[in-house]
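We begin with a single chain expressed as structure tokens, specifically the form predicted alone.
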Amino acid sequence: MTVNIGIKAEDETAAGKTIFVYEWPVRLWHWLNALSIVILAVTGYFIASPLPSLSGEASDHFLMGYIRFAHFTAAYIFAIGFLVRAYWALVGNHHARELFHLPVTSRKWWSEMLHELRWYFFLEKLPNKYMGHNPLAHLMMFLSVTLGGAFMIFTGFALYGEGAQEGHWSHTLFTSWLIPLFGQSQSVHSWHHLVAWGIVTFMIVHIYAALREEAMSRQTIISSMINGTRTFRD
């Protein structure tokens, strides 16, 4: 079985060894981010498709208020986590930087991505092994988590600032220029909703891929985001 060490020479390893990969801030962010996305997805769905009206006076119920509060709270956690994660990409190890950097000028990276794509479609018999993300996972994480996450933060706080109105920090930083850029508020709503479904789809594929790699590629994937180490089995 091939053991691919990825792009950096200092990543060299051999099957049967255990290597430390993810520092604790990266692991903590991963799970907080996942929880935030789940809450945002569920509450966002009900904001877009509200539940049927409850009986009685409107003043007796605050269901949508609680849903929106949970959505906004999770959004703050998601945004702050994103900023902290970006900071850690500057001060952490090189695996922490993967989420914010693509080696697009490397032929080796593109070639190995093609190999991973063939592996996921069951066209390759043996997988390569990487200390960090494989090239295909690296690309999808960058597109979905880094770019997609930034887009959701910008559009989400632009919509939030619209309700908070002028003078609020979110209106000044996001609403004042982003909604005019899109033309109208409804366009921002539509794109925010569409990209949200893209991130949910990515999460489903991400979970499947992690479980599949854990079982088929003879390396620890899931536990590496718990204890930080990756073991390459013989």
Partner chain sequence: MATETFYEVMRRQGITRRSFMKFCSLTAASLGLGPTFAPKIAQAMETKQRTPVIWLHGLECTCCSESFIRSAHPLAKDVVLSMLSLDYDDTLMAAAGHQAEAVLDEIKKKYKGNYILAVEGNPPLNEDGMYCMHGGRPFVEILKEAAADAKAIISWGACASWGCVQAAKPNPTRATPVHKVITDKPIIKVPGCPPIAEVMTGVITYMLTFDRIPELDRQGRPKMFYGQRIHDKCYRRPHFDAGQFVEEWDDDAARKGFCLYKMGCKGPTTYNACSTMRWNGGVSFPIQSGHGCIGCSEEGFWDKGGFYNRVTNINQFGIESNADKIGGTIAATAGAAVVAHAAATALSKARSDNGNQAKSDQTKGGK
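Positions refer to the first chain, counted from 1. Here the structure is a predicted model, which is why all the values come from computation and not from measurement.
Although not depicted, the form predicted together with the partner chain is the subject of the following passage.
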For this session: Please run the contact check for residue 189 against the partner chain in the predicted complex: heavy atoms, 4.5 angstroms, yes or no?
Result: yes
For this session: Evaluate residue 35 for contact with the partner chain in the predicted complex, applying a 4.5 angstroms cut-off between non-hydrogen atoms, and reply yes or no.
Result: no
Exercise. Is residue 216 one of the residues lying within 4.5 Å of the partner chain in the predicted complex, judged by heavy atom distances?
Worked result: yes
Exercise. Any chance residue 30 has a heavy atom within 4.5 Å of the partner chain in the predicted complex?
Worked result: no
For this session: May I ask whether 65, 165 and 197 each come within 4.5 Å of the partner chain in the predicted complex, counting any non-hydrogen atom?
Result: yes
